[in-house]
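A single chain, nothing else alongside it, follows as structure tokens in the form predicted alone.
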């Protein structure tokens, strides 16, 4: 196991794509210390910005990187990683786990926007809140998250799961507008409230909202009322209104919304 401690609070963004088990596992201690990263527009070495401690951890079979301290300015931690573990004891920056192919990332604090963007496999777990565009594609791309799991214990921002193609995003808290926009497949499970416009332009996939949602997009039609819904093998008790859409895009996505938390949607029942 390798433990990293920031030597000072970062004021400029730090681009640290090299902080990955795939990169560290193949290098000696000297080579790890000499890895190149950017702090703002200045090229640094990893040892110039972090205290590096090598520890033997016989309890773990996977290579582990532990980061202690506030790295909310550090971007691309775990980018493209395919194995091992990263544990961030603090807040993490943008693009955490970008294009991730395997392994596990755990953050005890918050994470910034674009967490898990375009990820393919693996697990990301955030104990705090996250920003916008979680599991999403980049602007101009249609390749969103295509596998793996993102678990958020706090709240999430806008456009979570944009162009999502496969996998699971689970939000224990509340979520911003446009969850599942352009969604192609996969599942978004929201245990809290949604700010609305969920599933805009979705083609397929499943969105489950257990809390309150202000309204349903007019391009969705009510299908039926379900007593429960299955999410990744787990049965979630309802009842839930099930809507189909986005019909404006020829979509057949499923939007499940709690009936008991959304009595203002009762008028839809006359169309069943």
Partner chain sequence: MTVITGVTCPVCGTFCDDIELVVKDNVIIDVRNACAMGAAKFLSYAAHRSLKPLVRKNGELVEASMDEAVEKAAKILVDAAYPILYGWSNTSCEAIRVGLELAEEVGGVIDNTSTVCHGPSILSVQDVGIASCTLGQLRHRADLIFYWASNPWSAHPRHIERYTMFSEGRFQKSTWRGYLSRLSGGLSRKRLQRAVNLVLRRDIFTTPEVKRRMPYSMFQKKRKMVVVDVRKTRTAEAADYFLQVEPNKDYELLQAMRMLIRDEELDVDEVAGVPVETLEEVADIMVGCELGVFFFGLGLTMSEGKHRNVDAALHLTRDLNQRTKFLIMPMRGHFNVTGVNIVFTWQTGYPYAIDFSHGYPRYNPGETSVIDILNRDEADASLIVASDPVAHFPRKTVQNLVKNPLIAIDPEVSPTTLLADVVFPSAFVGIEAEGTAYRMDHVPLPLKKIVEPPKTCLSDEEILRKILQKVHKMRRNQN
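Keep in mind that what you see is a predicted model, and the values were worked out from it rather than measured. Positions refer to the first chain, counted from 1.
Only in words, not in the display: the form predicted together with the partner chain, which the text now covers.
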- Location of the partner chain contact in the model of the complex, chosen stretch of 167-175, 68-76, 83-91, 119-127 [non-hydrogen atom, 4.5 Å]: 68-76
- May I ask whether 15, 140 and 182 each come within 4.5 Å of the partner chain in the model of the complex, counting any non-hydrogen atom? yes
- Any chance residue 240 has a heavy atom within 4.5 Å of the partner chain in the model of the complex? no
- Message: Even though the partner isn't displayed, in the model of the complex is residue 153 close enough to the partner chain, meaning a heavy atom within 4.5 Å?
- Response: no
- Applying a 4.5 Å heavy atom distance criterion, does residue 227 contact the partner chain in the model of the complex? no
- If you check in the model of the complex, is residue 106 within 4.5 Å of the partner chain, heavy atoms only? no
- Item | Listed residue (49, 52, 217, 236) with a non-hydrogen atom within 4.5 angstroms of the partner chain in the model of the complex | 217
- Exactly one of 204, 45, 221, 232 has a non-hydrogen atom within 4.5 Å of the partner chain in the model of the complex; which residue is it? 221
- Message: Using a 4.5 Å cut-off on any heavy atom, which residues of 149-178 would contact the partner chain in the model of the complex?
- Response: 159, 162, 163, 177, 178
